Structure formats: structure tokens, C-alpha cells
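First comes one chain, alone, set out as C-alpha cells in the form predicted alone.
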Amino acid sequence: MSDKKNPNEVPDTGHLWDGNLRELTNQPPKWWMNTLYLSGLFVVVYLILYPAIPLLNGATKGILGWTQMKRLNETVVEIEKIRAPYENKLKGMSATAILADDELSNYAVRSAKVLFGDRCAGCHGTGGSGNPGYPVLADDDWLYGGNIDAIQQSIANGRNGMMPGFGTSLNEQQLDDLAQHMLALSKGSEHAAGKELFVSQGCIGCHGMDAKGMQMMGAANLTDAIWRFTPGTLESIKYTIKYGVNSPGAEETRNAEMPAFQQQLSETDVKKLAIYVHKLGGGQ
């Protein structure tokens, strides 16, 4: 048999709609009421145990004394305990030795990911993909060398290369010829007039007779079609030749400087960053 009540036997509120629609006073189901009571009990217990009620000069503390900052600090301590054995090993090892140890190098990469995001990604892009004016770190083209020692030295001591501007020593036609030669080199050919200027103006002193650059000087390889500042257009190349890079006294010069991190980071963090960059894909 059904335990439903006859609507005609249930008291109503006296409200009537459309002449025959009555508002009854049936009580909610017991399970629903019990859930409501339990919810209220949960709120009371929570208010007693945890900080919850805002006051003029703070908030109720709760008898457990729990705070988000306290929990954060506890979590940091727990993480540091896990990291400690690895960090202690890294301190006494060179970056080369760490790189040769799979377990430690994997730890260094995971640990340095946040360091790279905080310190490097703003210029070099996520994953070392590069930005205009900042080299790509995920390829095998390196201004100062891509072995682990060179990378570590770049991070620790910074880099501040310099190329003089030729705007005062060459006329517009000569600047255009030299830029044409640079563009041709990147495509595997040459520009006769520009090649003569490349030699006579001393470009070979830094970039080499074969124009492949010199890593000890940070001079770029001009034959690989990899451009640091903007895509290799004639106008962009001509601008760099005319005003130089970090050229003293030239307001229009290209600015290209990497800060030194040895005063900002620990020696271990520098090593971890070097390993991270080395493993991005282009480490030699």
C-alpha cells in the first residue's frame, strides 16, 4: 500500500490559485531534514576548529591553530627533507659530473624548471624557444658555445658582446652591399661587392673568413640563417651593421646583454640551470 497522504486530508496554508490549486503544509522528507541538521552541525564544528569568523583586528583562530602559512611552511620543510640528499650530492660535484649521472641530472632538470621560469623564460621564452633579441636555447646554435662548461659560465658571469657600428665609416650604398652579402651568406651564396667590404672592413676578425663566427668572442655564425634580433630581412641586417650591438656612444645600437647570476643564485642553482639549458635540446 502507498504511504502517501490524501491531499484532501493534509492541512494547507489557505492559499488557493486558479480556484483549485492549494498550497499544502507537507513536511520535507526525513533524509532531507537530517542532511540539513548535519550540515549545520558541520558548520558549528568547523567554526570551532578552524579560523573562520572575521573580527575587527583579525579573525577567530580556531582551537587547532591551523593557518595557511603554517601549512605552507610545513610543506616546504617536507619538500626540503626530500631534496636534501640530492642537494648535498650536487654541492660537491661539477656540472659535468652531474650531467653524467642520470638520476642526479634528472633531478637537476626537474628542480631547475622553476628557476628557469622565474629567471630565464622572460627573455628566452618558455622551453628556451627564444624571443626577438634573445637567443633560442633549444637549438644547436651557440654564440659562446653549447658545452656544459660554457653554458655554466654564461649563466654565472653573464654575457655582454659588442659589435661596432659602421654607420660613420660606410655610405648607404656600402651598407646596403654589406647587408646584401650577409643575406646571401645565409642562403649559401655571396654578394661580390659586399664580400670585398666584409674583408676590408675587418668583419673577418670576429666572424671569420668563412663567416661562421667565433664562439670565444661571441661572434655570430652568419651562414646558418638564424637571426638573433628579427627575421633576416635586408633592412634589419643593414640596421645592425649601421648601428652595431652594444656599440659605445650609439643611441640606436642594438642592446644585447645577459646579466650575471652568480650573485643572485647559489653555485648549485647555477649548475642546475646549466644542466637544464643543456638538456633543452641543443647542448653540445
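Counting begins at 1, following the sequence as shown. Since the structure is predicted, the reported quantities are computational estimates derived from the model, not experimental observations.
Another form, the form predicted in complex with heme C (HEC), is not on view; read the next lines as being about it.
### Message
Only one of 40-48, 223-231, 57-65, 23-31 has heavy atoms within 4.5 Å of heme C (HEC) in the model of the complex; I'd like to know which.
### Response
Among the candidates, contact is made by 223-231.
### Query
Is there a non-hydrogen atom of A211 within 4.5 angstroms of a non-hydrogen atom of heme C (HEC) in the model of the complex?
No, A211 sits far enough from heme C (HEC) in the model of the complex that none of its heavy atoms falls within 4.5 Å.
### Query
So, in the model of the complex, is M217 in contact with heme C (HEC) at a 4.5 angstroms heavy atom limit?
The answer is yes: M217 has a heavy atom within 4.5 Å of heme C (HEC).
### Query
Is S247 close to heme C (HEC) in the model of the complex, meaning a heavy atom pair under 4.5 Å apart or at it?
Outside the cut-off, so no.
### Exercise: Q201 in contact with heme C (HEC) in the model of the complex, heavy atom 4.5 Å
The answer is yes: Q201 has a heavy atom within 4.5 Å of heme C (HEC).
#### Entry: The unique member of A100, M93, C123, A193 whose heavy atoms fall within 4.5 Å of heme C (HEC) in the model of the complex
Answer to the contact question: C123.
### Task
Could you list the residues in 152-170 that come within 4.5 Å of heme C (HEC) in the model of the complex, counting only heavy atoms and keeping sequence order?
If the 4.5 Å heavy-atom criterion is applied to heme C (HEC) in the model of the complex, 152-170 yields S154, I155, R159, N160, G161, M162, M163, P164, F166.
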